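In the block that follows, a single chain appears as structure tokens, in the form predicted alone.
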């Protein structure tokens, strides 16, 4: 088979998917510029009022809360995932390495709703945590863990952890162990060698993992919808409420467009802020 037809076979499906994605985005953009007609599924003429309404405090607060939750999730995921990725790369026993990998990626094989309901069982008023604390006599009544930002971030960390572990493990695996041994031969202890050699050299993986976790969390729906219980709202939940509950499709579309633009803006800022750190990566 000639290289050119062979390439077309693989590029064609991707091109069709890209065209379908662009067509869908064009439709959403077109809806975001239309007027809402109360009591009707039809839309009115072109207008910019939908985007003007986004400046109201209620919607601005949801955007800020979404960005804050995404940052918290990315930071907490990094803290949890880095030791797991480090152990995965440096484990000598194959069975231990396989066990760490399986445990780390297991959340990817569970549906989002299944993962979310498992956290409801753990964090609910009659859930595992409150039951243990009550039996130990540490609390007199159940703690209100559900419907809080803490609960939403905890569940979202569970979702983003596998991807972060994989990215960090890939970055750590490309670091030559001789660098760390050289630092130790020059008098650096294990902790200092890690902080001065391994951690700086793994910054490309850290940057990629944080950016991916942030972008992935930004579009989360089921987790904040069920764990947040209406008390913790993100952009995706607001789009659902306005689009499918109120049938205000134009305003829901404008929220989607604004959310996508905000995601690109924040990721661009992260890229600019992380650029000085990339020079520490392996060359």
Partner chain sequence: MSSLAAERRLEGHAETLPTSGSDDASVRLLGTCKRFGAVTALEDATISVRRGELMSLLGPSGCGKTTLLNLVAGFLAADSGQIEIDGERVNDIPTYKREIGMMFQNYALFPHMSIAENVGYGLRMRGIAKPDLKRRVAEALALVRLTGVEDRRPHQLSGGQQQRVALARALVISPRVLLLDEPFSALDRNLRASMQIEIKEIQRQLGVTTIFVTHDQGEALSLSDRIAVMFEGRIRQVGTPDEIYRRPADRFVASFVGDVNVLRARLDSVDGGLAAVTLGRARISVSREPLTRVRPGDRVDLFVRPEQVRFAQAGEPIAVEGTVAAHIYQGDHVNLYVDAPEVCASRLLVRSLEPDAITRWPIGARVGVSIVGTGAIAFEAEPDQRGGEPRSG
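The structure displayed is predicted, hence computed values, not measured ones. Residue numbers count along the first chain shown, from 1.
Keep in mind that the form predicted together with its partner chain is not shown, yet the notes after this line are about it.
Quiz item: How about residue 87: is it within 4.5 Å of its partner chain in the model of the complex, going by heavy atoms?
Solution: No, residue 87 stays farther than 4.5 Å from its partner chain in the model of the complex.
Quiz item: Would residue 186 count as touching its partner chain in the model of the complex under a 4.5 Å heavy atom rule?
Solution: It does: once its partner chain is placed as it appears in the model of the complex, residue 186 has a heavy atom within 4.5 Å of it.
Quiz item: At the 4.5 Å heavy atom threshold, is residue 192 in contact with its partner chain in the model of the complex?
Solution: Answer yes; at least one heavy atom of residue 192 falls within 4.5 Å of its partner chain in the model of the complex.
Quiz item: Quick one: does residue 178 come within 4.5 Å of its partner chain in the model of the complex, counting heavy atoms only?
Solution: Looking in the model of the complex, residue contacts with its partner chain include residue 178, since a heavy atom lies within 4.5 Å.
Practice problem: Go through 144, 131, 196, 106 and name the one with a heavy atom inside 4.5 Å of its partner chain in the model of the complex. | Solution: If I apply the 4.5 Å criterion carefully, the residue I get is 196.
Exercise. Could you check which residue among 121, 99, 139, 182 gets a heavy atom within 4.5 Å of its partner chain in the model of the complex?
Key: It is 182.
Exercise. Report the stretch among 144 to 152, 122 to 130, 170 to 178, 69 to 77 that approaches its partner chain in the model of the complex to within 4.5 Å, counting heavy atoms only.
Key: Single hit among the candidates: 170 to 178.
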